[in-house]
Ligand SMILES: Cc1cc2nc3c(=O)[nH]c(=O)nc-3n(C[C@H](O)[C@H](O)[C@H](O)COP(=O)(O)OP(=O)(O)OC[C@H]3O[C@@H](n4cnc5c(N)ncnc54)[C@H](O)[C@@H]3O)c2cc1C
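Given as structure tokens, the chain that follows is alone and in the form predicted alone.
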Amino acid sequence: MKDFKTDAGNIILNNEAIPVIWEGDVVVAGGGPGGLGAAIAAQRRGASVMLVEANAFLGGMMGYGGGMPLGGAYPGLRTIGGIAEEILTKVRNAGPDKADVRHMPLFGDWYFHDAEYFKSMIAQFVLDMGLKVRLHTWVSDVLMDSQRHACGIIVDSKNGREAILAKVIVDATGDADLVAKAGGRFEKGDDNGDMMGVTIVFNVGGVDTDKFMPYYTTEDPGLVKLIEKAKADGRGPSEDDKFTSIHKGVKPNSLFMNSVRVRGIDGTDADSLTRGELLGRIRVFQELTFLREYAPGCENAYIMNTGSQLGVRDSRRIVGEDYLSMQDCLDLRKRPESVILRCTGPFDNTTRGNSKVYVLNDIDMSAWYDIPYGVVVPKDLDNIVVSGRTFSCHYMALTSSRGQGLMMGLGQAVGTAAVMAARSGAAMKDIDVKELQRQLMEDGCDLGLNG
């Protein structure tokens, strides 16, 4: 959006006076793992920062995901360090609400945690550090003062339309919404535009886990036998749902269910998201009924909680200054000249398009590949940078590198780079990456540069 002018603290747009409510160095749009990492890092580096979030709480999937495990922060069997490790330590040491840390084959350490505790903890965290946060606020447009340069964003809330001005904009929306609005190029889905299935995570209580878990882990992994029996009775769950991601819950007598798969949902389209939300809620109770009727120990099962919104695995990915390919992941490619994050993980292609194939490749748990700085920098834009799963990569490379812990680490790198650009006036693509690496290591990040 370019056709505007400023006047007496307002943005004048289409003859409408939109009040400017904040002006500073860095605005971060989106309070999920990538946005939190970016906002915290930028503020600690001395910048003036504002974090804008559409939901009523911070954390993204860490908050609305029903306790979706915090994974991915230990490539090469060692921590990525920095803000991610700091937050994971708080979750790990939360007394009676502490995470249950489990070593998962192919995935490393996963923190099975209480999302309600996380929402409370992160609220206290940002209040203690004095981070300026605006919840219940949706970013609706980007203010462009040239073809490549943004000067701010337009937001909508109960207050009406407002403007926020900043030297650098971090797009942590999860779907590269701001890059798209600013005219940046992007890809979406696979070569056919198909994206992975979406999920509503939920927790089931009232389960005799001493009966269910031995049956599930040894006699009937994935509940294949029970599903066939239910189908024969005309009562089977959806063929798209995937029962290989059921885990013992963090609360007594409970199960964590990452099993709903709604196919063909576009996370950038409101009508499609609506369909996914409605079908997902229906699937939750279909699965509960299936468990009650067929699974040992689940006769008295009930829904403890559900994720407050869909978990979307992939949507837009920017066309960036650099690129992470599928082969880069397989080859464990190292880029010491540009690395901002160490990463590892198996490939995952669950319920994409018409496929029923779920891909998991063997990986070397003691190794990793590098995420280079250029993947977070849109090729067409000077002062907008992305944080989260929208970075420039192959769609299968994304499935290996989108863990929540990793996205906090990516956010720290993005927020630190944003401050460097805001202070120097340089375009994001032109910042000194060696200096960025130095600052990240000074702040406790392990980039693998010392072996």
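All values reported here derive from a predicted model rather than from experimental measurement. Residue indices: 1-based, along the sequence shown.
Keep in mind the form predicted in complex with this ligand is missing from the figure; the text below concerns it.
- Comparing 363-371, 202-210, 69-77, 183-191 against this ligand in the predicted complex, the single stretch with non-hydrogen atoms within 4.5 angstroms of it is 69-77.
- Although the partner is absent from this view, residue 242 stays clear of this ligand in the predicted complex, with no non-hydrogen atom inside 4.5 angstroms.
- Although the partner is absent here, residue 383 sits far enough away that none of its heavy atoms falls within 4.5 Å of this ligand in the predicted complex.
- At the 4.5 Å threshold, heavy atoms of residue 33 reach this ligand in the predicted complex.
- Contact annotation: residue 412 falls outside 4.5 Å of this ligand in the predicted complex, judged by heavy atom distances.
- Although the partner is absent from the chain shown here, 139, 313 and 388 each have a heavy atom within 4.5 Å of this ligand in the predicted complex.
- The partner is absent here; in the predicted complex, the one residue of 40, 52, 397, 26 having a heavy atom within 4.5 Å of this ligand is 52.
- Residues 172, 173, 174, 177 are the members of 164-193 with a non-hydrogen atom no more than 4.5 angstroms from this ligand in the predicted complex.
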